[in-house]
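Quick setup: one chain, the form predicted alone, written in structure tokens, and binding and motion questions come after.
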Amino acid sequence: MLREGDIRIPSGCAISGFINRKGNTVSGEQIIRSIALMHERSNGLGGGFAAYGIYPEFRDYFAFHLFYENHAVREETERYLNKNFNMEMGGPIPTRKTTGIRNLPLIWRYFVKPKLELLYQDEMNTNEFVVERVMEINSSMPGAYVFSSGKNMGAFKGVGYPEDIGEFYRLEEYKGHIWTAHGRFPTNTPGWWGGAHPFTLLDWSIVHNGEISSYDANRRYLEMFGHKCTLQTDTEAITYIFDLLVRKHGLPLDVAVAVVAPPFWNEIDRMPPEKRAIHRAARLVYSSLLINGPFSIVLGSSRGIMALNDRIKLRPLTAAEKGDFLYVASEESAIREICPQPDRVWMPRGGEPVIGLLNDQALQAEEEEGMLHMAVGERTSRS
């Protein structure tokens, strides 16, 4: 007799996330409890977390998290990092021995700043410089993978159930104002450390439930702008799509959402003239970035989170609010596990984004501390 876990479950994968809009930080213990409640939606081949606000003492540095296959490639990569960056600190990410977590790569992190002379030489801003170096490491240094590269945030992921990954990385010791999580049930791509979610670039992070049939079209378009998809999974492309649309091309978030999950043409035709013109242009110019296939995603950034379903809602997504908290998850029970009595619970319609941003006071505090270098919008400046 077949048992659960013995058959392919195409709607598998679990996502969860929350933000405190005031910027108050909470322990990673809560997000572990939320994602653990959806244990049956994953199969032990991938779990991971993204957290924002966890490195206040290094808020001005890019936090690089890397997987290495061996110490030889680590030493080669460190030579490359030291050539391009000023390194404040580097070393293994703290972990603990955890049942069910095996075949570990070397897992290191570095706090770095681009060398000013190279920025001037290449006439780049810091974000472009970092993106180029991350892409070069991931595409040209076999056995080395940068899986997190933002400021005051980090991704923690691997092969295992998400609750075990959380225990392995000791996430209860971190405090953040945004947390997202993923439990993986891979269907068409391998279960390996680099292929676990979330996928990140700079301060963007994506956790995803679904299957992207438009991956090749998306990938080819992204590669024209320097983004290289090297991690053997369709979800990586979603991260780069938002980086391209919002950070590089300066689209408002609602327009970027309309690119990846566009309204039907008859809906666009009924829009007011100005809005109709914007949506028509976005649909035509960025047609290759339409995400085709079933999906629900949670996008994280230094400014907030955004959750989104595909247009016909083929993957589950629930949202809830309680005071200054916004919660999103694949299942309502995962929210109620850490917020038993929310003020409001709802299921967003297909293609309807759920957006939670840090409030003005929290954003001002971040700006005063030099933390807000990227947001939902192009806000980079030349160094």
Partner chain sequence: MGFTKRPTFRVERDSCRCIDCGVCVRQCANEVHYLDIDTKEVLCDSTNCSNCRRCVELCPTGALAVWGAPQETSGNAAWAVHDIRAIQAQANSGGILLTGMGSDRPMPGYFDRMMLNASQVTNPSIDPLREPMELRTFLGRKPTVLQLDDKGKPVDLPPQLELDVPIMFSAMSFGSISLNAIKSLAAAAESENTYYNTGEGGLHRDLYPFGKNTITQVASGRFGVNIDYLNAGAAIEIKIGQGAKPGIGGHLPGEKVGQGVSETRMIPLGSDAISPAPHHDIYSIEDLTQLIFSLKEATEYTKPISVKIAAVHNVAAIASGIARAGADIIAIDGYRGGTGATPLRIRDHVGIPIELALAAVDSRLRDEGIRQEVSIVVGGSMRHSADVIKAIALGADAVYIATAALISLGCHVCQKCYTGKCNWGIATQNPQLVKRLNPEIGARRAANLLRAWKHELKEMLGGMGINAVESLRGNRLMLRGVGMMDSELRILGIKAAGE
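Positions refer to the first chain, counted from 1. If you're wondering where the values come from, they're calculated on a predicted model, not measured in any experiment.
What comes next is about the form predicted in complex with the partner chain, which is not displayed.
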property: Contact at His71, Ile101 and Arg170 by the partner chain in the predicted complex, all three, heavy atom at most 4.5 Å; result: no
property: Single option in His249, Lys228, Lys115, Lys175 placed near the partner chain in the predicted complex, where near means a heavy atom within 4.5 Å; result: His249
property: Interface residue in the predicted complex among Asn86, Thr95, Asn125, Ser213, criterion: non-hydrogen atom within 4.5 angstroms of the partner chain; result: Ser213
property: 4.5 Å heavy atom contact, Ala217 to the partner chain in the predicted complex; result: yes
property: Close approach of Trp193 to the partner chain in the predicted complex, 4.5 Å, heavy atom; result: no
property: Exercise: Trp265 in contact with the partner chain in the predicted complex, heavy atom 4.5 Å; result: yes
property: Distance check, Ile107 to the partner chain in the predicted complex, heavy atom within 4.5 Å; result: no
property: Candidate stretches 139-147, 197-205, 76-84, 268-276, one within 4.5 Å of the partner chain in the predicted complex by heavy atom; result: 268-276
property: Residues of stretch 280-300 in contact with the partner chain in the predicted complex (4.5 Å, non-hydrogen atom); result: Arg280, Ala281, Ala282, Arg283, Leu284, Val285, Tyr286, Ser287, Ser288, Leu290, Asn292, Gly293, Pro294
